[in-house]
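First structure 1, then structure 2: two forms of the same chain, each alone, as structure tokens.
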Structure 1
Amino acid sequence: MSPNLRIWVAVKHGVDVGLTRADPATGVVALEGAPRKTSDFDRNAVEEAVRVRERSGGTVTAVSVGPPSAREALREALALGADEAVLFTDPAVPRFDTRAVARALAATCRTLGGFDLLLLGEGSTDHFGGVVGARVASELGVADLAYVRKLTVEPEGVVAERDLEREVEVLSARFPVVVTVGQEINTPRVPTFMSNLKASKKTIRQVGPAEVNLPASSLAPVQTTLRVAVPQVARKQVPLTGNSPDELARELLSRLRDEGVWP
């Protein structure tokens, strides 16, 4: 295997949905000032990138698109084993939609040396749109393998497995290739004190549209989030009657069938 394999991995510094709160009266979730963290799926992508390098050689470059605070996600990627980190940011764009993220990732990878393998999580923990990988591949005109649960790197490309409803599909693609991975692909390692210390001393390269030959106008959002809210669902509070667990179970199944939610 080539020791010069160029592996890139995208990470998002997204909203920590486990620590967000909704207004009890309106159900609106306050995202401004909400705690943030590295998207869980992206930690699997970083782990897979590092494992590929350990097996096949090469270098791992972590890349993120977002505000300066996204450096925190890149620091974690470095602590998990990435060799280098790049932040694409633009003060003129307060929020990047998926189109802008894909364009920025594509331009950054293309301009800063190119790549053989670009790994992403199958979706972000906060929005889970699941479209950035496909958009990046489209921007670059390369193959896109999505929802991968097992990845094997070969001399000229990769072989990937992914679950379908009734079967496992095996796909192959030549380099360069974009791959999105699910959480079942691996268990991310936990950074050690020393790896965190080393990561804190590494330089994170910051670039903007001009550095990667990307027209700033191409980052203008075409999608805007107007409101994030928890749906209000009225509970029916239907009582169940029965003198034993079996009777209660039969009553529950009967009620579910009446509601059309049980065959």
Structure 2
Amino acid sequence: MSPNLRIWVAVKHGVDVGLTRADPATGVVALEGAPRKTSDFDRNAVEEAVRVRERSGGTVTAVSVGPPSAREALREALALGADEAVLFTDPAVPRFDTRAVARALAATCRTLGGFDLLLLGEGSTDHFGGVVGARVASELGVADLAYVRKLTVEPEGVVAERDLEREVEVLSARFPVVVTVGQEINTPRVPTFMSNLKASKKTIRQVGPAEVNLPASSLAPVQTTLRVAVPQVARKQVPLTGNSPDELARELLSRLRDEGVWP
């Protein structure tokens, strides 16, 4: 292994689910033009990439697949400490789905200098498919360690503690390796005025299918989204008050009795 770790981190500029608004009548959410931000777990992935570099040396390259506006996520990754950033974009692809993203990420890491460690979020905040990490690893023919909560870099590879529903596993794999993380792995640092200023001066490299040897036709989306809607649940919204906690408690219990949900 080279002493100079090539660390990559994939960041998605996804829909900001806290800011989307549904049509009050139909519940339909318009995703076109919806506010966007860096997908939550990707900030943990960037933080982890930067921590690995701080401990073991190397360079951190952030990569995003999307329209030119995805530069915002890359700009944030730079402000959080990434050294370089690459945007994969292509006006001929109407929408990057899971397959296109996995192919573009794999081809970009492979072509632009290769990688030892590729970090991703274990699921994106808006789509939450949880498959891009494994699919990229499959495309690249390398191991993927998913749902990692603790990551240690050794000379030849990584040791990762990962959290499944019913067990914790400690796994190891040699470089090159793909690792996916969730919010428990770390607390991302907050960009400072200086780090933002520094990031704003860096150039974000832009590539398309030709630069990474992919036919654009292999990126065409497979599925069609027919409708995204928020299920409408009407709640009574009754505020309960009382002159004392005891009075409030009795009031609540009497409501629950009236509703037939207790005892």
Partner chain sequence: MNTGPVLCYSEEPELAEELLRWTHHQKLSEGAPVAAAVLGALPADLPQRYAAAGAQEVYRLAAEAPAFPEAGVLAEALAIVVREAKPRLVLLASTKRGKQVVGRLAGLLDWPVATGVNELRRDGEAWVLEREALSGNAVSVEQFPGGAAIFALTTGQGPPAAASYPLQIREVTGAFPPSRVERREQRPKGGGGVHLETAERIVTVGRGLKKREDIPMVEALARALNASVGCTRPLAAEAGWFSDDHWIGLTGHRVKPKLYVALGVSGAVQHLVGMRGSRIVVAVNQDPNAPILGQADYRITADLYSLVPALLRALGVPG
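Here the rigid core means the biggest group of C-alpha atoms that line up within 1.5 Å when the two forms are laid on top of each other. Sequence positions of structure 1, starting at 1, serve as the residue numbers. Keep in mind that this is a model prediction, so the values were computed, not measured.
Inset, instruction - Choose between structure 1 and structure 2: indicate the form predicted in complex with the partner chain. - result: Only structure 2 fits here, because that chain is the form predicted in complex with the partner chain.
Legend entry - Did Gln232 shift 2 Å or more between structure 1 and structure 2, C-alpha, core superposed: Superposed on the core, Gln232 moves its C-alpha 2 Å or more between structure 1 and structure 2.
Inset, instruction - Examine Leu164 after superposing the rigid core and state whether its CA is displaced by 2 Å or more between structure 1 and structure 2. - result: Yes, the C-alpha position differs by at least 2 Å between structure 1 and structure 2.
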